[in-house]
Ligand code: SAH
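Here's a solo chain for you in structure tokens, the form predicted alone.
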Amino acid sequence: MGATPLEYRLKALIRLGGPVSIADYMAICLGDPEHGYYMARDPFGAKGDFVTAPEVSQMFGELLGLWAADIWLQAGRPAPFNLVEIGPGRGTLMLDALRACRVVPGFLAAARITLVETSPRLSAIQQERLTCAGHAAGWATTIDNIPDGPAIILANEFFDALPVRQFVRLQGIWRERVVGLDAHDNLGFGIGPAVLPTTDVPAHLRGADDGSILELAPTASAIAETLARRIVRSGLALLAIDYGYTETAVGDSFQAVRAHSPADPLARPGEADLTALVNFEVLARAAHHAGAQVSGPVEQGDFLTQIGLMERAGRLGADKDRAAREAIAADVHRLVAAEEMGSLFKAIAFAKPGIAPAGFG
């Protein structure tokens, strides 16, 4: 099998300017306008490369919709307000959320729906599905284009796809890990010239063993702070759910998935999803710095249970046959079980002070 178009492009870029950071490699592989992973394909579901929680069960999106409605009610039913999803995939979460919120008087009439999406292919899918369901919506390509005014923002598996930088501790110095070319002209990991100042390393990690890898998430931190400032300024709240860890630690979480299986992140650039575990400590710190009230992180299983997953599953299966009820139970298990999505995935909320987001009690 020959090289992918992005592999040719990356190799030419490296020959011309030298090795690239992990962050630049991720950004190119995922977001290249012509050949980036998210730009020209639908990677979700059984026919794609991975399955997200909204694709596991309608209950996930329904509960997040009702979570948003509770925020709106607490804030005094502002009208209009922005209901925003960042990284909305195929639009499944938003559709399920809107369907659930039909029971909340005034919510749908007040909501101005905005989907933040960079992929033309996914935007087209979202637009077709929302239009067929009778929902008017707007699209933005960056968070800076979200309309002004109070907003409830949902972000499921958004932060994990943002670029990270990696630094390796070698002889007591943290040097940047990069992607370059090996002796056989293949993409490979190496060490670049950039050095991370000791003052930028958390105190408890400054004595880490040689070979330890520290991941930094400057893009995620900047976006979290920008969104938190917007929440503080205009209201209302943001809910982010992703897989990650709660305290900064060393470790290499840079990974690729293709056809529902782990893959070499340097193999066939542009044809696999590239992600890194989300550092929720970084997100919380950025939001605190912006003046937001931060709730969590808590494990996804605990969050969904607190906002009514078991009750919703019971109602959904009440008039179903045994096979359907067993399928619902299997979906619940996948969402909340520790060995499935329940522990690895976390939920965190930023809110304007005075709002009490559900699920974090």
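Nothing here was measured: the structure is a model prediction, and the numbers come from that model. The first residue of the shown sequence is 1; numbering continues from there.
A second form of this protein, the form predicted together with the ligand, is not displayed here; the remarks below concern that form.
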Picking from Ser119, Ser253, Asn82, Gln166, the single residue whose non-hydrogen atoms come within 4.5 angstroms of the ligand in the predicted complex is Ser119
With the partner left out here, if you bring back the ligand in the predicted complex, are Thr52, Glu157 and Leu162 all within 4.5 Å of it by some heavy atom? yes
Contact label in the predicted complex: Gly87 to the ligand, heavy atom within 4.5 Å: yes
Within 4.5 Å, heavy atoms only, one stretch in 52-60, 319-327, 291-299, 306-314 touches the ligand in the predicted complex. Which? 52-60
